[in-house]
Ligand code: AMP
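Take a look at this one chain, the form predicted alone, written out in structure tokens.
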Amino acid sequence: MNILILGGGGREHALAWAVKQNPKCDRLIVAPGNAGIAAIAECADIDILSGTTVVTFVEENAIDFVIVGPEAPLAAGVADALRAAGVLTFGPSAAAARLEASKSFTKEICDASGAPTAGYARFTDKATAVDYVRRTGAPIVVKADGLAAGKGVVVAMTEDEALTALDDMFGGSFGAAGAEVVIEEFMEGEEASFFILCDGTDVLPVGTAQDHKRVGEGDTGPNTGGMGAYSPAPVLSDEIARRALEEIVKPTVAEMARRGTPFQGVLYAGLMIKDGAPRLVEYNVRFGDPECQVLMTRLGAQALDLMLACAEGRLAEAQVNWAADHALTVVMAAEGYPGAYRKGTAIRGLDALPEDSFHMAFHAGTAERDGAVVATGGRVLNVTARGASLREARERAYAMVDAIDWPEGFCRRDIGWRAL
């Protein structure tokens, strides 16, 4: 098969790495890709937000299967354009992608399907939202309704933090994403990520993970897109996963189908777990980043077979073969992230790192310039390792981190601390 993956981050490097191991993959193209992806696949610089452009590229390159990595092309309807052109595609329609693209839409679906989630209110003007915060008090959660690259959520522990978040969102800090705001009750418990493939009718759980959102050790400081992750997540026991599937995921999938917008792709349910009961924090409609890196490290070549079964509507006959292993990824970020950071700094030592099914440095924000790998983003590398235990995976990952020569980068040194 000729396969195209859309995206250029750590998630797409991990997807490409897993897909490449499957003998069904003959030719692999990633658009736009990055310096790490270029070592294992062809890269193509095309506009992945334009359905017309992507369809033309697919036809010119005789692509058999397209995997859409990030949320932005999904929200832009690229999967719709591909399916309309008869192209086998992994990823939901724009209508179904609203489960991530609109927080208020997700709440509406939860209300209709009876899925347990936080109490909430939605606002389109700042004054009413400010009154609500003052009446409700803190802690409270303020969310930009639309897509904000993983940064549009503020868990405000004080009233002032919540009011500052409203100033930012209604002031345009998140562009159109902040034109509408959802304010939720603060849920106590432990968060975990549950990944489920859906083909519009059937569902298949494909893994659990836990990521570390805050920039500082001990889960302190501002939220980020994720500073590290590990899989499996011990807090998401078999019984809690079963409850989440029956009480949250299946009712959601049924409600989406009832509305004529069946969900096909991967549904990432962010869950808050307290006293053995899961509640939905939010949905994403693609693999998490950096959770995808630990899932793909554990799944390997079968990831392609599972995504094909999903796209072809054959999930009822598919099954996941899990090894009794653990994986952990450490995000190396540019100094200053998630605030202002420098681009263009050189990263050395990558060539000497081990690359096998137990060690992999996935590139998230890199490019090659004059023969050197340079940082081009905030989150730059996802240093990932597998082991028989989480402790072993962590030791291997940090040994790789320590071998990388990048003075302008930093990472958290405590990834996996909750489970360990």
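The first residue of the sequence shown is number 1, and the count goes up from there. Note that the coordinates shown come from a computational prediction; the quantities given were computed from them, not determined experimentally.
The same protein has a further form, the form predicted in complex with the named molecule, not shown here; the description that follows concerns it.
J.: What is the one choice in A269, I240, L147, V141 with a heavy atom within 4.5 Å of the named molecule in the predicted complex?
T.: Of the listed residues, the single hit is V141.
J.: Considering E255, D199, E282, D80, which brings a non-hydrogen atom within 4.5 Å of the named molecule in the predicted complex?
T.: Here the answer is residue option E282.
J.: Answer for K213 alone: is it within 4.5 Å of the named molecule in the predicted complex, judged on heavy atom distances?
T.: It does: once the named molecule is placed as it appears in the predicted complex, K213 has a heavy atom within 4.5 Å of it.
J.: Is the gap between E108 and the named molecule in the predicted complex 4.5 Å or less for some heavy atom pair?
T.: No, no contact at 4.5 Å.
J.: Whether E184 contacts the named molecule in the predicted complex should be assessed with a 4.5 Å heavy atom distance threshold; does it?
T.: E184: contacts the named molecule in the predicted complex.
J.: Find out whether any non-hydrogen atom of E312 is located within 4.5 angstroms of the named molecule in the predicted complex, and reply yes or no.
T.: So E312 does not count as contacting the named molecule.
J.: Heavy atoms within 4.5 Å of the named molecule in the predicted complex: which of the stretches 200 to 208, 259 to 267, 301 to 309, 184 to 192 has them?
T.: Answer to the contact question: 184 to 192.
J.: May I ask you to list the residues of 80 to 112 that have any heavy atom within 4.5 angstroms of the named molecule in the predicted complex, in sequence order?
T.: Residue within 4.5 Å: K103, and no other.
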